[in-house]
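Below sits a lone chain in structure tokens, taken as the form predicted alone.
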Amino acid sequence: MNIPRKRLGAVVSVLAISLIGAACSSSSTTTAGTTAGTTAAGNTTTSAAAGMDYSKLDGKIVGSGATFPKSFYDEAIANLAGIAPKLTVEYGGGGSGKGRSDLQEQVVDFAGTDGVVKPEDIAKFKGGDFVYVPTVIAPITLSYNLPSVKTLQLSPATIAGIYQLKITKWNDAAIAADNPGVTLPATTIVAARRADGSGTTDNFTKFLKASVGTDAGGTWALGSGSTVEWPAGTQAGDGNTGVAQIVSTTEGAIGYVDLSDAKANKLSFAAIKNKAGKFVMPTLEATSAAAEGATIKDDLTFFLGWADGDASYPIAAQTWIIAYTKQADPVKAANIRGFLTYLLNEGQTLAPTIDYAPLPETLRMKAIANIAKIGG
């Protein structure tokens, strides 16, 4: 990760959180406000909007899972430490599949996941009922390493061809058709993908299934899921950072990577052709546009990929923290609620400083209601 950039984000976020009480009325995406006691750094210890005194949180909670939102969680945890000094929050990453498995076996207190639990797996969760708490949204980039190509456009059909190893050279006719007037090298393509069970893979393959899957009249035949049967010639990396590392060190490589890690590794990324036929860059604005028409289920699960709208980025993705509603330890339950409350209030202002978009306000309020279901 690019530590200087993240530290700058932390400084910006402290200032943003300090000002949020005065400025929240001007924001359409979050109404988080703060008041009451302040730390020496000027950061508030109480969230007025949430009625939460962070300074009273005391203990330790541990989570694992999705790497897609890990930069956001790491930054939020670092900022929360300044106003909740007696609370320790650890988040280990490892991929959405690991997070779900760890929570299922009650190895962790909460899990990060970019994909939903399969219906057949729900009964396997030893702690009983759990809730989905969406936290942020962000684009999945198609990052590439071609020093001579400054701008790149890719259609879903071309991406499917690359990842099924049917398109193996960068000057292939399909890529050239997506990029009129661009001189493309004859470099061999190295398709980088996740080695671990991954929500990023789930969302990326769901996008391809929806846009060019066999049911959509296309050629994508690998289906979708946290893991798929990739062709043997693809290269695997652990986590978003692992895929980013392959791309950054391998000329000719392309990989699907969250925006935060792509920027931290100074990667170039392509504009992707959306459902309306427009090539759109992976920006927070384009991700928010994709979220505008999302169908939110009662349990707060949803899918942002392949959204309608000229301005929508087609590989927008969502992420959740899941936790058990029944907690044996009321103190631990309070700490989980406190951490999630921070993410859904002050954390929403922090999110854009590290390349994540805040939740739409209606969804944010529903997420806060789900936090309240986590009881002692």
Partner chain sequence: MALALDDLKSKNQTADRAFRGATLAGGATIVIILGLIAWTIADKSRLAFKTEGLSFFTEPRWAPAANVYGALSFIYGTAVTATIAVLLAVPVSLGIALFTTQVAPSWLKRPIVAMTDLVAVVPSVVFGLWGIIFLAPKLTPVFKRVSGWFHGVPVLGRIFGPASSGRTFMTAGLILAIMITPIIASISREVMETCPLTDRDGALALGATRWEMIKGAVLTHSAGGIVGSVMLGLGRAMGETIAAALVIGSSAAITANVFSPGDSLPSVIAFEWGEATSDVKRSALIAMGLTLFVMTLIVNFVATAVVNRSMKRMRGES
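All values derive from a computational prediction rather than experimental measurement. Positions refer to the first chain, counted from 1.
A second form of this protein, the form predicted in complex with the partner chain, is not displayed here; the remarks below concern that form.
Visitor: Please identify the residue among S248, T301, T219, S224 with any heavy atom within 4.5 Å of the partner chain in the predicted complex.
Guide: Among S248, T301, T219, S224, a heavy atom within 4.5 Å of the partner chain in the predicted complex occurs only for S224.
Visitor: If the cut-off is 4.5 angstroms on heavy atoms, which of these, S268, S101, N265, T187, is the one near the partner chain in the predicted complex?
Guide: Of S268, S101, N265, T187, the residue with a heavy atom within 4.5 Å of the partner chain in the predicted complex is S101.
Visitor: If we take heavy atoms and a 4.5 Å cut-off, which stretch out of 233-241, 134-142, 80-88, 282-290 is in contact with the partner chain in the predicted complex?
Guide: So the stretch in question is 233-241.
Visitor: The partner chain is absent from this chain, but in the predicted complex, do D121, R193 and S198 each have a non-hydrogen atom within 4.5 Å of it?
Guide: Yes: D121, R193 and S198 each sit within 4.5 Å of the partner chain in the predicted complex.
Visitor: Does any part of G255 reach within 4.5 Å of the partner chain in the predicted complex? Heavy atoms only, please.
Guide: No, G255 is distant from the partner.
Visitor: Going by a heavy atom distance of 4.5 Å, is E229 a contact of the partner chain in the predicted complex?
Guide: Answer yes; at least one heavy atom of E229 falls within 4.5 Å of the partner chain in the predicted complex.
Visitor: When the contact criterion is heavy atoms within 4.5 Å, does P156 count as touching the partner chain in the predicted complex?
Guide: Output for P156 is no: heavy atoms all beyond 4.5 Å of the partner chain.
Visitor: Are any of the heavy atoms in G97 no more than 4.5 Å from a heavy atom of the partner chain in the predicted complex?
Guide: Yes, G97 lies within 4.5 Å of the partner chain in the predicted complex.
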